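So this first bit is one chain, no partners, the form predicted alone, shown in structure tokens.
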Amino acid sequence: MSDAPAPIVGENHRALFDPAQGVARIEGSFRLNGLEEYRPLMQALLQLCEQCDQVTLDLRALDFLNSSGIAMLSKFALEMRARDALKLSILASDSIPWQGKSLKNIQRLLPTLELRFE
């Protein structure tokens, strides 16, 4: 197995990747400008998917994701539709308002997505 994707750390956000567990933990408040600034996160998620048969995005501590970040997650979901062998799940928080509607819309793009709210 190759190396884990490098952590992405900003002033108010971070994304950590654990290929051994197949988990990406995305936390804090992501307010990047446009899809281009989200490219490193997208590439890290795709790299994790290359290393694992099952991937969990743990978003329970992701307090805010702007529209560009939601667009990036939507593009990621569409990319995952082409990878039938990969099982993707998202752990979300009942207490973070944006996650309910936005993540259910992403699930519409990827019907095989397992979406769990805690």
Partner chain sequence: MSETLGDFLSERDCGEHLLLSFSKGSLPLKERWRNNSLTADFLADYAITFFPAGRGDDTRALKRQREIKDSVSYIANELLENGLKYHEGGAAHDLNIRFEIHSDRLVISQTNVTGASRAERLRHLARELLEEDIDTLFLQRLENTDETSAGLGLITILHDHGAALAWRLSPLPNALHAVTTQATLILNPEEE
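Residue numbers count along the first chain shown, from 1. In this text the structure is predicted, and so the values were computed from the model without any measurement.
Another form, the form predicted together with its partner chain, is not on view; read the next lines as being about it.
Trainee: Look up in the predicted complex whether K87 has a non-hydrogen atom within 4.5 angstroms of its partner chain, and give yes or no.
Mentor: Answer no; every heavy atom of K87 is more than 4.5 Å from its partner chain in the predicted complex.
Trainee: Answer for N105 alone: is it within 4.5 Å of its partner chain in the predicted complex, judged on heavy atom distances?
Mentor: Close contact exists here: in the predicted complex, N105 approaches its partner chain to within 4.5 Å, heavy atoms only.
Trainee: Although the partner isn't part of this model, could you tell me whether L109 comes within 4.5 Å of its partner chain in the predicted complex, counting any heavy atom of the residue?
Mentor: L109 belongs to the contact set for its partner chain.
Trainee: Using a 4.5 Å heavy atom cut-off, state whether N66 contacts its partner chain in the predicted complex.
Mentor: Output for N66 is yes: heavy atoms within 4.5 Å of its partner chain.
Trainee: Give, in sequence order, every residue of 24 to 49 that has a heavy atom within 4.5 Å of its partner chain in the predicted complex, or say none if there are no such residues.
Mentor: Read in sequence order, the residues that approach its partner chain (within 4.5 Å, in the predicted complex) are R31, L32, N33, L35, E37.
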